[in-house]
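One chain comes next, on its own, written as structure tokens: the form predicted alone.
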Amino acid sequence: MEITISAIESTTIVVVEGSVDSFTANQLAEAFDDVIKGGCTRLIADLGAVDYTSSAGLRSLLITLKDARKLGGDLRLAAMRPAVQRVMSLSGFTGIFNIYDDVPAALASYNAG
């Protein structure tokens, strides 16, 4: 798994590539934790290059969401592939997260509200 972090205006975009599973989920959680500890709570996870996620990956995203919301921010998910969308849907996470077709739509959602 590869993680790239960038910022557009006051929003941090975390691009994730590869599989998020029990071997890599902690790496993802630590990356998000570092961003939040750095004061960034408006987050977008670009999942367009994620081909698989396990429950460990979902747990990392959920922990990040809760941490960001505690501080007045949010974690929005963008560009999910169908296989990842299916796992999110089956687990009930589509009702918890704000999910967008792409990063520009997720960015616009922050600017709209």
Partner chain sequence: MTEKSSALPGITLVIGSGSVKCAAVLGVAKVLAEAGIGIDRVVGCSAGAIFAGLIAQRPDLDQARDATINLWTKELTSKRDNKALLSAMAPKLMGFNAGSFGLRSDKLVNQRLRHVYGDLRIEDMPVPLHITATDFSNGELVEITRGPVWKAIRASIAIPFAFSPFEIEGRQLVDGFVSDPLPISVAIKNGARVIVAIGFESPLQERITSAGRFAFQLSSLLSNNLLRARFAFNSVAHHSEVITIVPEFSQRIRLFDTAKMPYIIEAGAEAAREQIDYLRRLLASEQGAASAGSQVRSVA
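Nothing here was measured: the structure is a model prediction, and the numbers come from that model. Positions refer to the first chain, counted from 1.
In what follows, reference is made to the form predicted in complex with the partner chain, a form of this protein that is not presented.
Within 4.5 Å of the partner chain in the model of the complex, a heavy atom is found for all three of 21, 86 and 91. At the 4.5 Å threshold, heavy atoms of residue 59 reach the partner chain in the model of the complex.
Residue contact with the partner chain in the model of the complex: residue 41 places no heavy atom within 4.5 Å of it.
Among residues of the shown chain, residue 27 is not one whose heavy atoms approach the partner chain to within 4.5 Å in the model of the complex. In the model of the complex, the partner chain lies within 4.5 angstroms of at least one heavy atom of each of the following residues of 44-58: 52, 54, 55, 56, 58, in sequence order.
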